[in-house]
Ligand SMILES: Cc1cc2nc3c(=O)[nH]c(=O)nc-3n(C[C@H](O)[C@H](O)[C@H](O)COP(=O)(O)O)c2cc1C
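Just the one chain here, laid out as structure tokens, in the form predicted on its own.
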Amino acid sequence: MTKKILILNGSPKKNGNTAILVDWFIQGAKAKGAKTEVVRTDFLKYKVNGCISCRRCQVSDIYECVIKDDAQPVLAKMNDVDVIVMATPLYFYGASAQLKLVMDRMFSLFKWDNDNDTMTTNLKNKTLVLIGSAYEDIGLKDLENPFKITAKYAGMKFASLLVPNAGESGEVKDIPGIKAKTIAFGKKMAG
């Protein structure tokens, strides 16, 4: 079975460490026959900044955000792929704001029945992947934790590739073995 992989690149840098890691990941995934699509979250145009908790998504049968902007089709695609990759540099011990805006809107991909204390989501049994890099060797576990929690809550599998000491933009290429490791990770996620 050919896996479909949606990659959200949360970096505002076109040729930065995150973009390089994403390219290597895609090489590996495509080597295993996966179909990949990359969304540069820094180019998305929004009507609102993040989820506004209008809860209109909760009265709809469709698992998507009702706000019609560039995030809406990205969120809808999450329903139709096998693997969702979130790629981000570490910014103040968390994901980039560009990625976090989309993550907040993922609220629309869950349906809660508070009277019966139940939740359903089309994300169940999919895989959530984090690709994260940091300038130095601190903060990556803090970055990883919200993604891990989200995956567990949604009933998703979780995997991560965390790259410490990536340095400044583009310097990730200088880390011995990281290209091969990232390509292998892409193959594994596509397998």
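In this text the structure is predicted, and so the values were computed from the model without any measurement. Numbering starts at 1 and follows the sequence shown.
One more form of this protein should be noted, the form predicted together with the named molecule, which is absent from this view; the next part is about it.
K.L.:
Since only the chain is shown here, I'm wondering whether Leu90 would be in contact with the named molecule in the model of the complex (any heavy atom pair within 4.5 Å).
P.N.:
Taking the distances in the model of the complex, the answer for Leu90 is yes, it comes within 4.5 Å of the named molecule.
K.L.:
Going by a heavy atom distance of 4.5 Å, is Ala134 a contact of the named molecule in the model of the complex?
P.N.:
Residue-level check for Ala134: yes, a contact with the named molecule.
K.L.:
Is Asp174 part of the interface with the named molecule in the model of the complex - any heavy atom within 4.5 Å?
P.N.:
Taking the distances in the model of the complex, the answer for Asp174 is no, it never comes within 4.5 Å of the named molecule.
K.L.:
With a cut-off of 4.5 Å between heavy atoms, is Thr18 one of the residues that contacts the named molecule in the model of the complex?
P.N.:
Residue-level check for Thr18: yes, a contact with the named molecule.
K.L.:
Could you spot which one of Ile138, Ile149, Cys54, Val59 gets a heavy atom to within 4.5 Å of the named molecule in the model of the complex?
P.N.:
Partner contact (heavy atom, 4.5 Å) among the options: Ile138.
K.L.:
Thinking of the named molecule in the model of the complex, which stretch from 44-52, 23-31, 62-70, 159-167 has heavy atoms inside 4.5 Å of it?
P.N.:
Of the options, only 159-167 has residues within 4.5 Å of the partner.
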